[in-house]
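Single chain ahead, written as structure tokens, the form predicted alone.
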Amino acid sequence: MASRIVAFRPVVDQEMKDAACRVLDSGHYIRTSPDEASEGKALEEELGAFLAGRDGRRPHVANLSSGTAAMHLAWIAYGVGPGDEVVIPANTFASVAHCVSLVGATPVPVDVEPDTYNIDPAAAAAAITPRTRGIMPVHTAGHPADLDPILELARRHRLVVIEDACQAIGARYKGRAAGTLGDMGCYSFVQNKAMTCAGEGGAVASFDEMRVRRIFNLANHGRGEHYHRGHADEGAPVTHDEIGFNYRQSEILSAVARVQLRRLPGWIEQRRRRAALYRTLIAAHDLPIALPGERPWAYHSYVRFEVRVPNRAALRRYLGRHGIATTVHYPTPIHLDVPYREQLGWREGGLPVTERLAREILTLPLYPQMTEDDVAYVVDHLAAFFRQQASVTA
């Protein structure tokens, strides 16, 4: 039986190490053109194939330095800026709001569903104003947000929908890949996601080829068609198309991500099996734990297994003493965080579901290398904690 279980553990094997060494030996570490043969271009093509729909259509992909870079550039590509509002869930990572602020727009946090932890479509609809330009549904912990009502709302009000699929690569909504139903999807390959690249990494995907190409150019210091034409033709000037950023991805990390992407489907199935075992064992012990929802139309990729528990702090201490690491995601909702509490005029009680989740959600260990014994060990100690609590209060 396991005696030490970490919160998450990226998979590292010899093929990934060999891929990184191959690039190191090549001496070619940075991709400077969207069309050059490279690890980054190969990753874009392979990710596009991975995200393809049943009809075979493949979204265009731009490989980037992080999920945050993907969200930032997505809003720029769709012209969202000062004076605009973007509806986002309040139960999410700070960068979702930060990227809206970085383009000069105003994030508008709304409440979420109590079981999937995703944006509540009715709350999003109620937040629409004449200034609203976009909505960013976040596919929290690998469970897709309910996109049909969000997309209908966007059509009705002519809004841009940028999906934050950073936690949900490999997840599907009604058979379609998360991140491919709105105008653009954003992905992350940082170490605690379903796949990684041995560092920070990300991508955007969309069927709008021109916007994806512009995002690559923006990430590459604004080097667009004029710049590359100038380098190819000595008679043409070498000029930048616009002011850009350094959001490029390292060729070394792209090579690792390519290996990880090939393994991703198997890893997701392993996560799903372990999540199902958690559900079975927690139910068998009849524990006072609220399990995460899973809608019939969702293929949940389970990048995290988030439950709601009473007396969270005491439970975390107890599990920690028994070698079980846990995490708490989003203990401060967006609307109550320092950058936005005063700016947006929120007070506690404004978004009750999100605020309750902030007090109750606990992320249990879940990663492909976990064994059935590991899961049983965690649940046994959950049961022991609640037995102890019951005896104290008896």
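Throughout, we count residues from 1 along the sequence that is shown. These numbers come from a predicted model, not from an experiment.
Just so you know, the form predicted together with a small molecule exists too; it's not on screen, but the next bit is about it.
Distance criterion of 4.5 Å from any heavy atom to the small molecule in the predicted bound form singles out Phe93 from the list Tyr247, Trp267, Tyr318, Phe93.
A heavy atom within 4.5 Å of the small molecule in the predicted bound form is found for exactly one of Asn220, Gln167, Ser254, Gln260: Gln167. Comment: 60-68 is the region of 364-372, 27-35, 60-68, 335-343 lying near the small molecule in the predicted bound form, near meaning a non-hydrogen atom within 4.5 Å. The three marked residues, Val190, Gly201 and Tyr330, each reach the small molecule in the predicted bound form, with a heavy atom inside 4.5 Å. Although the partner is absent from this view, Val108 stays clear of the small molecule in the predicted bound form, with no non-hydrogen atom inside 4.5 angstroms. Contact annotation: Val138 falls within 4.5 Å of the small molecule in the predicted bound form, judged by heavy atom distances.
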